[in-house]
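Take a look at the structure tokens below, where one protein chain is shown in two forms, each on its own, as structure 1 and structure 2.
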Structure 1
């Protein structure tokens, strides 16, 4: 930022669990130093004051209601920099699972048949990442985001540098962590095609990569699908695994 004044920073929530904002708040040791360089003017998780005057907008959550379309357009109009914070805003995240169904089915599952008379009043549309509605300047991936990556990103942004966005597969992080490959243990994993930068935390703690950070640029998905099938997954299971976090990007346009 060129201004000598502190950049004014705002955090916004759309359809999400707000876990990524909690990750920001978990920077309790770093926040005092951070606040020397920025002025936070909107952060529902941390303060009651609000302002519509901000330079940088961190946006968490996917767009799943019509009124959210209006709100995200207003944010884009005000902010000099818009950052998609986490999987829901970057790729649509888990919220896009509902896109497999008709919206009337979703309403019935959530609110029950007795509420059918009021379905028209319930504002819900297929979930989508925020860049389906507005232009996004930067993406911080993950479910939730990496605290280390957030701090590195913010530091670069405040220094006027172009933040480095990780574009290597999770497999790289896994090898650096010294993990045994999930496939070698008889399991299945989306690490070969998923964006790293997470230190392979899921594999390190005994599960596998779910692909929450989205695919690396130009991933060889077809090759990975063949690999999964070679290790015993059915085509339906493969599709299901890719769809957990990637329904919006893999499926039809919302």
Structure 2
């Protein structure tokens, strides 16, 4: 067999907590094996070497400053494959909560009038997912991403297969995990309309689905609304829950 050069992989980070990159670093058992098959050429959080020659770009974080628009365009130009890594990158994530306010108000409230008006570093625009700016080939959802999903995605990509991105609601995962339904326990949950692939970890560990993976494609919203009404929830409470991760996709395009 002809020996092929390993694919060159780069990791980039925009506005976020860097938890998704850290999830990659927490593949302690798999890391030595992964490194046999790919060459990581850019991973600022973990290595000194940097290269602008790469094939696959994993991008975490939202776009929330003008200079980030330029940077993500440059990454798109270079990479053959762009993967949105995690909620901030694929749906805008929690960052979009600030989009409820005018950006001038946001800056002034936090840094004061003078800095807000003059300091370039605190320039800010409404937070958005990276596909608002460039085309994205694949999405890895979640806040943070699931390690299991990342590993199976990477394996498929390296084998030349089309990676399988989960498109069933969290309820499916929750049944598989053997959890008691949150509604049955008297709580409320975004599981019925949110994208699974997370093993329903938030329900397993005692809370509810917060909707961090965004909605499934074609969610059955009518049925979910009925469910919520049946359990006596107000429209206000429901909208508020959705707004945690769904701010960016609600109403106006930001």
Partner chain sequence: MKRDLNIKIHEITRVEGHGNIVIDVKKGEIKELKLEIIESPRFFEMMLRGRRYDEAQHIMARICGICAVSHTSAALRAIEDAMDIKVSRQATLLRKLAFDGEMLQSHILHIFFLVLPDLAGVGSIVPLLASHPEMAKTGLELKRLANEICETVGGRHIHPISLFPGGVVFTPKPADLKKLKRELEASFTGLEAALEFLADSELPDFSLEREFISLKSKGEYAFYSGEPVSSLGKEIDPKGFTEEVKEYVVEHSSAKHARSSKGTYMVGALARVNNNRRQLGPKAKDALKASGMKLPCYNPFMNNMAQLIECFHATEEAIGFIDELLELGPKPEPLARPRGHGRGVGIVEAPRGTLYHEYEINRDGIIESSVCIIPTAQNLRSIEDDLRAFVPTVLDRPKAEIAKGVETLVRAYDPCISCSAHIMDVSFLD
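Whichever C-alpha set is largest while still superposing within 1.5 Å between the two forms counts as the rigid core. These figures come from a predicted structure and were not determined experimentally. Residue numbers count along the first chain shown, from 1.
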query	finding
Pair member which, unlike the other, is the form predicted alone	1
Rigid-core frame, C-alpha of residue 97, shift of 2 angstroms or more between structures 1 and 2	no
Flag for residue 113, CA shift 2 Å or larger between structures 1 and 2 after aligning core	yes
After fitting the core, residue 81 CA displacement of 2 Å or more between structures 1 and 2	no
Rigid-core-superposed Cα shift at residue 122 between structures 1 and 2, Å	3.1
